[in-house]
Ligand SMILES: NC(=O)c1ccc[n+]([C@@H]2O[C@H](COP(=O)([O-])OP(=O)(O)OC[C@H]3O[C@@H](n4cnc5c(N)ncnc54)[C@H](O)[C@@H]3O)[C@@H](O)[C@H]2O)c1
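One chain comes next, on its own, written as structure tokens: the form predicted alone.
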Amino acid sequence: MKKREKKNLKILVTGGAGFIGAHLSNSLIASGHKVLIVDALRSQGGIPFINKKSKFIKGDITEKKIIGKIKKWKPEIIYHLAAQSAVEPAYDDPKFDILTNSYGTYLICNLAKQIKVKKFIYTSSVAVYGNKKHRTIEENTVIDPDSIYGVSKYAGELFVKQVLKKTSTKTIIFRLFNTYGPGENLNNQKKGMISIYTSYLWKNKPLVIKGSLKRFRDFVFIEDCINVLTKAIKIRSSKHEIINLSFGDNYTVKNVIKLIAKTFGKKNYKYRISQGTPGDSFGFHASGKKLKKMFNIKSFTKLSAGLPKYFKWVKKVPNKGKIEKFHPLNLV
């Protein structure tokens, strides 16, 4: 007789108070799971948010005492999102980037091995591929990171495979492409292309474009990202899967700016071009074939549909003073 899958699981979400982590934790709790959030609460890409129905531990995943507390709780599933999560800040503090993204992942993988978790889900980044100006990215595309951030995230991938390959734990590595939506920290202008450009309009200031208008990116709306991550628990997969979390929705920077301004209601806007960010790839674009097939995805949120949802929230947030209480999950 086939063993019935347990419905309510004990799930750890490292970085569970961050932009993607908070939405993911909320979704898992809504599905009936018990969630442990571990987060150092360093405000980076998102406004920090902790679901009151979760168990929360404040701390850094590189700290021995934090690992010990997680081990005691003994999660069955681990989502490892805790990271320094952008290209530009990695150059401000490379030691922190490397320690968190590489060594931190190594420690969480070893913990997963010790407590024999069922599934380990790691959010990596498109940055591992480096610049792919003339090629559509697939999961088997050559890895060639051109930033500190890309190197550290790929090191994390290698630790996932090395530490857990001979265990019973199934692993899924999602290489996330540019994800945007309600909950991003609009005061952080070093992470998230959509968020950065939006923040200038939100503050009624001219846009500053770092690099060429011909650069191009894929964009994923937060709701679609969370839908995929949440389903990853039950999805049938091989022992070790690598999946590009992109639906192939690709735009040049020039077109992104035009669409953002039009949707935001700024007919007359100004911008200036400045020097590019170190390690910032010129362009990347994925087909999304594997993701759509594995998760049976028939449709996703186009940028033209996601931006109105995003801006509906943005316009509720005051552009002066603290914005923490305006997290979208606080406003529900």
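Quantities reported herein were computed from a predicted structural model and do not represent experimental measurements. The numbering used is simple: start at 1 and walk along the sequence shown.
Quick note: we don't show the form predicted in complex with the named molecule, though the next part is all about it.
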item: Proximity to the named molecule in the predicted bound form, single hit among F120, Y129, Y197, F177 (heavy atom within 4.5 Å); value: F177
item: Listed residue that, although the named molecule is not shown, lies within 4.5 Å of it in the predicted bound form (heavy atoms), from M294, A40, L303, I67; value: A40
item: Stretch in contact, per heavy atom within 4.5 angstroms of the named molecule in the predicted bound form, of 257-265, 120-128, 197-205, 158-166; value: 120-128
item: Exercise: F96 in contact with the named molecule in the predicted bound form, heavy atom 4.5 Å; value: yes
item: Partner contact for I61 in the predicted bound form: the named molecule, 4.5 angstroms, heavy atom; value: yes
item: Proximity of A82 to the named molecule in the predicted bound form, heavy atoms at 4.5 Å; value: yes
item: 4.5 Å heavy atom contact, K191 and the named molecule in the predicted bound form; value: yes
item: Within 144-176, the residues that have a heavy atom no more than 4.5 Å from the named molecule in the predicted bound form; value: Y149, K153, L176
